[in-house]
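Quick setup: one chain, the form predicted alone, written in structure tokens, and binding and motion questions come after.
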Amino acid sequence: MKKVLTLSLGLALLAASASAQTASKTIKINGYGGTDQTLVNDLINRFVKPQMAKDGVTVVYQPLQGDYNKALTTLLAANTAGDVMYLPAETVDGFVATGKILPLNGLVTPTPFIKSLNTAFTRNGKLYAIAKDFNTLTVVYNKDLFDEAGVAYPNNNDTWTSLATKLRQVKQKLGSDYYGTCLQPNFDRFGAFAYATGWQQFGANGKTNLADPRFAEAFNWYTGLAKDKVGVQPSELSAGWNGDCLKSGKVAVAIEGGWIVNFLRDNAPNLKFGTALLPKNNKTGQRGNFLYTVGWAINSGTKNKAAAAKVLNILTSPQVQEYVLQQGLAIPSRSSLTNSAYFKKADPGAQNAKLVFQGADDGYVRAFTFGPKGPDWAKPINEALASVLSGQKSAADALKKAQADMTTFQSR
């Protein structure tokens, strides 16, 4: 009898110990601070915590304020980063090189997600993140200005030539106080047009060729819109970005992502806007576009790999993605959402979201990334755009200097 009691007591203690170990499991998630943390906290509370609690796992969200990439780099180096984290596509190469990001092959099934988004997070055959959502660029236009000028709205069949013609006609009809579009002197908008020509950001040798005639073709078209002030830089209108330009009521078109919708609702609620896909390059017949995306990744140093993978799968589940879409806050990454009822709504925000979603699969679409050397890669291009748009240099001179600067940068 005494042996039975001893055995029972031992088993009870083991069970209690195991239970305590399970109950003590915590999965920490790192993501953006600012306005993003409200949405992520909501998703975690609604969908992740209830499911993980059944496994005795506690989930904690730790947003990183300020420069996310810098903060995450510090935490990963100190081995104090979360088990699950945001991984921005533009900096994926640098983080993968640290060995701190766990390949997801075998842990998740990538096939339900948009192929180009999986490509954005794949290096040497290894998938390092699942896109949580994304954005692409579209043509967002002021309906009232086109109506007043008697010019047809931009549409999905526009080429570079036909869109430019419409913008020039609006300018001619409405006068010098109005403009066709705002032109940000940055690769993060111009680059989409360079891709439409078939230009490659990096060649087989890993170098960037700005002397490529295809790059020059896009550069000349983009900066050519500045002639006769059809296109102006946002700073010329005391605007911070293209959304500000459209908000002013004096600019017909803004090339922007879906984030412009909530901005216009809050800052220009009476502005009637529509959306069209980016225009096609006349020679290739293709559009170019960027994928601006952030994925969910797992820390390779996590002690709870299975639980972290389960959290990642919940965060990218159909239920979570449909919820995000219905809130109108982001475009989820599952291919099946193309049939979502939300995209069939007539309101301009839903129609904008539909075209942003379509943009992920239409033409030469590339992830917005700077490559292994980081954001300074774009500096020669941005400086060239600014110098031509401001009239300080010819396009030929600006491109010549940009290539020299790029060669120096990539040789360091």
Partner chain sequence: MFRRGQSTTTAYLFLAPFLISTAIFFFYAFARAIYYSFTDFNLFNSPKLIGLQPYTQVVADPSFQRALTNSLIFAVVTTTLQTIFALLMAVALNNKLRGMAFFRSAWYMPSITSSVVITLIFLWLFQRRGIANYLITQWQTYQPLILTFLIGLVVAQVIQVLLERRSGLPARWTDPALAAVSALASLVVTAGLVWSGVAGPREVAPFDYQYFADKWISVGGVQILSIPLLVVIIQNTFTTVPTLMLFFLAGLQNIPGALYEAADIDGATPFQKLMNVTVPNLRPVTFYVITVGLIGTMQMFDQVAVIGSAAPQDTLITLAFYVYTNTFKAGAAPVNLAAAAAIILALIILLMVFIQRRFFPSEAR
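Everything numeric in this text was worked out from a predicted model, so none of it was measured. Positions refer to the first chain, counted from 1.
Unshown form predicted together with its partner chain; subsequent notes refer to it.
Student: Contact with its partner chain in the predicted bound form for residue 394, defined as at least one heavy atom pair within 4.5 Å: yes or no?
Tutor: No, residue 394 stays farther than 4.5 Å from its partner chain in the predicted bound form.
Student: Give a yes or no for residue 94: in the predicted bound form, does one of its heavy atoms lie within 4.5 Å of a heavy atom belonging to its partner chain?
Tutor: Judged by the heavy-atom cut-off of 4.5 Å, residue 94 is in contact with its partner chain in the predicted bound form.
Student: Would residue 104 sit within 4.5 Å of its partner chain in the predicted bound form, counting heavy atoms only?
Tutor: Result no; residue 104 lies far from its partner chain in the predicted bound form.
Student: Residue 344: heavy atom within 4.5 Å of its partner chain in the predicted bound form?
Tutor: No, no contact at 4.5 Å.
Student: Specify the contacting stretch among 276 to 284, 228 to 236, 247 to 255, 123 to 131, defined as having any heavy atom within 4.5 Å of its partner chain in the predicted bound form.
Tutor: Contact-bearing stretch, as computed: 228 to 236.
Student: Have a look at 326, 74, 205, 336 for me and say which one sits with a heavy atom within 4.5 Å of its partner chain in the predicted bound form.
Tutor: Comparing distances to its partner chain in the predicted bound form, the residue within 4.5 Å is 74.
Student: Name the residue from 157, 80, 98, 161 that puts a heavy atom within 4.5 Å of its partner chain in the predicted bound form.
Tutor: Spelling it out, the residue with a heavy atom inside the cut-off is 98.
Student: In sequence order, which positions of 117 to 153 have a non-hydrogen atom within 4.5 Å of its partner chain in the predicted bound form?
Tutor: Not one residue comes within 4.5 Å of the partner.
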